[in-house]
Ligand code: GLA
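Just one chain is shown here, as C-alpha cells, and it is the form predicted alone.
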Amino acid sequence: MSPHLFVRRRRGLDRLKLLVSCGLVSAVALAALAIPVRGEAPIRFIDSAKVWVLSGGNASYVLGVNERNELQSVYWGKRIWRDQDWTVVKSSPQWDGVDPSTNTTPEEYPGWGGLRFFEPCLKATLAGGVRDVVLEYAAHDIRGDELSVTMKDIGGGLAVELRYRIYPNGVLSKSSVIRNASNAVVTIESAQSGAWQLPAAEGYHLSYLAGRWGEETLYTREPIHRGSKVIESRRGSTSNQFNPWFAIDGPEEAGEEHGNVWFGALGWSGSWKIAVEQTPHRDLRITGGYNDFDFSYPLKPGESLSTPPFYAGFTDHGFGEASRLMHRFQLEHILPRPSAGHPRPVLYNSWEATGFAVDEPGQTALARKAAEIGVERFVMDDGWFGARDSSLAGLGDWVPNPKKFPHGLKPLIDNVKSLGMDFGLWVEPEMVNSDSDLYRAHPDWVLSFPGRPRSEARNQLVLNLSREDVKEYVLASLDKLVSENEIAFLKWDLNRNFSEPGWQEAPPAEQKTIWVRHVNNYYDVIDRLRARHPKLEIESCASGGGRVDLGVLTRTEEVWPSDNTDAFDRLSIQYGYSHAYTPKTMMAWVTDVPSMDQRSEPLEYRFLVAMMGSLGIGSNLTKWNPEEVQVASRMVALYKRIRGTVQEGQLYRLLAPVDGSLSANEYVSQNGKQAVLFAFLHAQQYGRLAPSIHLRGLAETAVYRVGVVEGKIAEKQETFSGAYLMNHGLTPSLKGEFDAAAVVLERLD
C-alpha cells in the first residue's frame, strides 16, 4: 500500500468517526468496519518473502515458508496495512541440544515426526510401519477469500491440503484434507484442523465454557501456565461438560470492552479436542480438531480424510467485541441461509404440561391457550409415536400412536394451523429402545461389542449411524413423517452418550472410524432432509446443551442450551453461552415454578430472562390464572416488538451475573434505532438501591425516547441523550428478590 493510499484511508476513517460523534453512524457499525484499500485483496502472496497475508475487519493473519521449507506462523493480531513490512521468514534459532529449532519453530500444521515433541496436528502410520510425518510446503492456490496450501511428507506417501478462508470481519477458518498418496494403507491416528500460535509472553489467560447437565456453558477463566490444558469431549457428541470454544487474553489482562482477545471455536458435533499448550519457551499453541482418543482412520490409496473447520478471530476491544464479531459471523455465514434475517417465532412446547401423556384433545386444548397469548409455533414433544407411554419403549418407531392419534397427526395439525400457528414435533432419530419394533427387527443396528453388555442410558441404545442402511432408515423415516404432515419444525434430541462403540460388521481396523462417520452421516441426513423440505426448520437438543457447536449450527436454526429452565440459573448459563454463540440461536423457555432448584421467581422475571434469546414457553397453560395469562400476553407482545434487536443486534454484557446481585444486558439494533436494556436483581441487601447502569453502543449526540419502562427506572423524563445514557446511566428501581426490568429506547432521528 502506498503512503498516499494510507493517508486517504485514514481520512476516510476520521470522517466516519465524525459521523459517529454527530449521531449519523452508529459506533457499533464503525467498530465492526475496516476500510479496505481500493483493489486490496483479502489474501495476498508476497513472493519476495514467501509470505501470505490474510486480512479482514481489523485483523491480519500471516504465514510463510521458512528456509527449511516448513510452513510457519508469522503473525496473528491487529490489522497491519503495509505489505512491505513482511520479510523473509526464518525458523526459530537453536536454543540448546535438548530443544532443537524444529521443536521451537511455530509451524502451521506440524506432523509428529523428526525432532518435534509438542502436540502435533497430524500423527500417522505410513507404509512399512513408519510412524514419522514431516511436512514440507509444495504448492498453493489463492481464490478470492480462500487459500489452499499443499504440504507433502518428505517420504512422499502423504499429502495435506490446508484450507483457509478469511471472512470480512476478520474471522478466519482453518481445516485440512489429508490424502494417502502412497500405494499402501496409511492409518491416521490424530487429525487436527489446525494450530493457532501466539508469541512468547507471561500473563495469558484462558477462557472456556464448562459444566454438566443442568449447568452447561458456565464461563470459566484461568491463568495459562507452562504445560498443556486440554478441553475435550470423548462422548460422541459435543457434550454438556465442555464446549469447543476458547478465548485467550493477554499479556495485559483484557476486560469486557478493552484489551487483546484471541478467540475460536470448532465446527464439529462429535468427539473433539482443543489443547492449549504453553511451551517452556512461553510460546502458546492452540491445537484443535478430532479427539484422538480411541481414534484410528485407515486410508486406502487415494482416499482422504477431511477435518472440521476451526474458526478464530482477534480483537483489541475485549471479550464483548469478540462475542459481537462471532455473533455477526454466525448470522451472516454459519446459520442456514433461509433463517438469515428472519425472526425466530415465539414457540410453545408441550413437554412440561403433558409429559408422555399426549393425545389429540389434550394437545388441541394447549394449542388454544398458546394462541391466546400470541404464540406462533406449537411443538408437540415426546410421547406421540409407537408404544411410547414412558421412556421404556417406542424409540425408533416413528409413526403416530394409533390410540392417541387415531386419525394420524393431521387433525391436530389442522387445528394448530387454524389458530394461526405452525406445527413442530419432537424426534430422537439416533436412538432406539430395546422395546421397539425397530430393535426387534434389527438388534445388530446398535453400537455394541460381541459378547459384551449393551449398556442402556435413559433406557435407550445408540443406533450405529455409521452404517449406510441405518442412515437411510433414519432419513426415510423423517422424510415420510415430514412429507405426510405439515411439519414446519423438528426438535431433534439426543439423550445419551456413546458406549461400547463397536461396529461388528466392519473390519477391526476400521471400527474406530465411527467417531467421524456417525457425525458425518448425521450431517448428511439433515442436509438431504432439508434439501427435500427447504422450509423445514430444526432445533438441536441433546439432554440440554449436549450438541451446541458451529457444525450443527450450519444446519439448524437454534439449539437448546440446557434442560435447566430455572430463570436465575439461566442468567449464568446464558451469560456463558453468549460468549460463543449468537442469542438468536439460544432457545429459552418460560416454565412453571418451583423450578429444579425449588425456587419460585415471578412470572415477569422468568419472561424477561427468556426474552434475551429466542423466546419459548413450556408452562402448563391450562393451570394459569387470568392474571398470569395477562402478564404472558403483555410479555409476548413486548418481545415481538424487540426481538429483531435481541436476535440480530449487538449484545453488550453490562453486568455479569457472576459478579454480584445485579446483572444487566443491553442489545442495540443493527441500524442503531432501538436499544433494549434488561436488568435483574437477585436479592436486595441492607436497603441498598440498585446502582446506575451505563449503557454502551449508542450515538452520544443522538436523543432516545423511553418506549417501555413500567416504572422500573428512577429517571422520569421521556427522552435522554446517548451521552447521558452511556456516561451517567439509568438507575433501575429494583427491590426485594428476583425483581427485573426491561427498558426499550427508540432513537429519535
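Sequential numbering from 1, following the sequence displayed. Quick caveat: nothing in here was measured; it's all calculated off a predicted structure.
Below, we turn to the form predicted in complex with this ligand, even though it does not appear here.
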- Identify which of 448, 574, 543, 669 has a heavy atom within 4.5 Å of this ligand in the predicted complex; exactly one of them does. 543
- Query: Considering 605, 398, 329, 351, which brings a non-hydrogen atom within 4.5 Å of this ligand in the predicted complex?
  - Reply: 351
- Task: Using a 4.5 Å heavy atom cut-off, indicate which stretch of 90-98, 339-347, 493-501, 259-267 touches this ligand in the predicted complex.
- Result: 493-501
- Message: So in the predicted complex, is this ligand close enough to residue 458 to count as touching (4.5 Å, heavy atoms)?
- Response: yes
- Query: residue 426: heavy atom within 4.5 Å of this ligand in the predicted complex?
  - Reply: yes
- Message: Test of understanding: in the predicted complex, would residue 581 fall inside 4.5 Å of this ligand by heavy atoms?
- Response: no
- With heavy atoms only and a cut-off of 4.5 Å, decide whether residue 560 touches this ligand in the predicted complex. yes
